[in-house]
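Two versions of one and the same chain are coming, encoded as structure tokens; call them structure 1 and structure 2.
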Structure 1
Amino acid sequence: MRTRDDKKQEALFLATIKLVNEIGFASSSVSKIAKAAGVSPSTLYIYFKNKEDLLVSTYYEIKAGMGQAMLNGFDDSRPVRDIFHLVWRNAFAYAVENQDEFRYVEQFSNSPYAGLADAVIIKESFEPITRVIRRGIEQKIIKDVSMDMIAAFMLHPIKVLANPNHCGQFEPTEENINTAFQMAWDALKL
């Protein structure tokens, strides 16, 4: 039995992101991904059961990294609005700095592969944020709506503003980023 090499697994994730963004899910075959990663197709099967497992695992990997980035400097003893501001700023910075990963997540979310992803695994990366949202709802700081609605009004502006293909005229100055956060916060607060 061959042993796993974290560098090869990371190369497979990066190759998957690159190829899917360039040629789409359907055209990104196991052999093309393996070649782009610099490994043999048989090596890919050491890490993943099949192409679907690789695509979903890549999605999980990105979401986990996104969750870690959003929680950078997180302190749940701070006021709810301050935590939201920190998380929002971290998410915005992640989106700007990781355009390829963001594009992959967006494509994945709109593909048939999204149905293969386990929502529980994804939610684990964001559990501290969810706890703060619940606290904000209980304290009547945040509107009592579904987590999906909160995520949409919190994160969708980031998806649009951080992507030059969506908002080429948006300049990510400190003032504009703070204004965008305030608009997102205004949509969520009571």
Structure 2
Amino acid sequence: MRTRDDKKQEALFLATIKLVNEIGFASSSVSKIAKAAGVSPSTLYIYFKNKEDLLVSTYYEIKAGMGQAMLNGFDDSRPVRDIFHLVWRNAFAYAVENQDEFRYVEQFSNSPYAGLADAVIIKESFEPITRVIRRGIEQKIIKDVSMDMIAAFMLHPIKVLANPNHCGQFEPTEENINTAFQMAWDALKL
């Protein structure tokens, strides 16, 4: 079950994401994913224990990448608002450039597999960000609310705006992105 050829594992991740986006979670069968990745269905079972393992691993893989992308250029010593701005822009850029990954996460979160993903593992990659937010709250720059509420107004609107399925009208021009950020910041700031 463990691996030699990392390219095949990578190909399976990509094929999974691509297929889930194209034909949906329900129709993405193991054999279709394997074919899309250019391997035999039985080969897939060398790299992953079963379908569930494949889907959950793909989820982890994306989340790790997302966390990294959001921390791009992260500098703890800068003022809270600046860090926040950076992180938000990073998140938005990622969402626009990696729509397939974003949509996969969305579908995964609403699937019966969601419960199988370990929330703690995920939260780890976002730890630096939560730390900054706590600092913002202490410094009375940000409203004193739970992390869930922060995320609800900071990140979830991004999910919607970046998804052309949900938002026919929204164009990610520099001006619009700035306005969107301003709204997010207005929601959070004291």
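Structure 1's sequence is the ruler for residue numbers, which start at 1. Heads up, when I say rigid core I mean the largest set of C-alphas that superpose within 1.5 Å between the two forms. Just so it is clear, the model here is predicted, and its values are computed rather than measured.
The first of the two structures is the form predicted on its own. Relative to the superposed core, K32 undergoes a C-alpha shift of no less than 2 Å between structure 1 and structure 2.
In a rigid-core overlay of the protein, E22 has its C-alpha displaced by at least 2 Å between structure 1 and structure 2.
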